[in-house]
Ligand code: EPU
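Quick setup: one chain, the form predicted alone, written in structure tokens, and binding and motion questions come after.
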Amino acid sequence: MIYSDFNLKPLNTFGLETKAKTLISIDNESDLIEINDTSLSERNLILGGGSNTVFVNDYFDGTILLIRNKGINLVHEDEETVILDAFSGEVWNDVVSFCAEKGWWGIENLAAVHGNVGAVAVQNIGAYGAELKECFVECLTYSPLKKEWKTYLNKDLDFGYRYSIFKNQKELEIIWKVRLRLSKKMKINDSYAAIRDKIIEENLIISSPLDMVNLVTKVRNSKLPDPRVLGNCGSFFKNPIVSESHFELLKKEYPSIPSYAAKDGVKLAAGWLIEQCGYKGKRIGNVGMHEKQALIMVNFGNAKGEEILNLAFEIEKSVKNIFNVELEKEVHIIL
């Protein structure tokens, strides 16, 4: 179906009032194949759950491709392993719950992450000591302009911290489905301190992936606002990575600064940096940083794109001035 002047407010978790010149709802392969040069615009944007998208303006002068295909299909199963396909329009947390209820290990630490399956390959989503790339096998894509299907293997996506090659698409390419490899053997991932501490504190016994899903969901919901109640896109900024030498200087001045080992240096907690700059719980107009997690920018109602960008710039400038650290936005800013 093709719509004109479509209201995108229900389709972005920040809850921004935005209209799209054209929206194409894609539910199946027939809808996909019917897309052509006439239905597309000079500007085209693929949208799934809208959980990582910030529309700055109140009108998107282009075409939104809304991916709504559904399905979870078992591809292979043996005594130890399960391989399944999840279609891009599926809600990610529904897939996590489905797998956990089956007793399949691998994505349980990624529970309660908002968004649809199509975005997980783009973002290489990560939470509580796990990343998608650890169980990702491949994905199938479709190019509406070339009318071509293509398969990308794990190694092809150059996965990094909240990164895959799809983050910098030069051509329009729709992720149609994602293939995952999960395990039937118990593989508890309690490497993240908040999870490990909660297990010890409450004397919990994790005997199934569903136990971990319930724990992760509880911990996550205690810290992060529900976008259905308070508009947000989750983490607004990435956790920055600095050099060892830069970290040592920061450690001398701020002995309690949280840090984590990273491939190219030391990863810092962006939320901690923002909190030290005085922005945790701070509200400016219709936007602000959440009272329980300084990494989450929230919409208190009727937020405008200008307010979002102004606050983001102010925070980036403050962190740079105090810590000499550059913050990078994790959200996708649509101008």
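Values in this document were obtained by computation on a predicted structure and should not be read as measured data. The first residue of the sequence shown is number 1, and the count goes up from there.
This next part talks about the form predicted together with the named molecule, which is not shown.
Only one of 132-140, 100-108, 232-240, 149-157 places residue heavy atoms within 4.5 angstroms of the named molecule in the predicted bound form, namely 232-240. A heavy atom within 4.5 Å of the named molecule in the predicted bound form is found for one listed residue only; from L45, A269, L40, V266, this is A269. For the options R220, R181, K198, H246, the one in contact with the named molecule in the predicted bound form, meaning a heavy atom within 4.5 Å, is R220. Taken together, the three residues K9, R283 and F313 lack any non-hydrogen atom within 4.5 angstroms of the named molecule in the predicted bound form. The named molecule is not shown here, and in the predicted bound form it never comes within 4.5 Å of any heavy atom of L210.
Heavy atoms of D31 never reach within 4.5 Å of the named molecule in the predicted bound form, leaving it off the interface. Interface membership of A127, defined by any non-hydrogen atom within 4.5 Å of the named molecule in the predicted bound form, is confirmed. Not displayed here, the named molecule is approached by P258 to within 4.5 Å at the level of heavy atoms in the predicted bound form. In the predicted bound form, Y192 is the single residue of 182-217 with at least one heavy atom within 4.5 Å of the named molecule.
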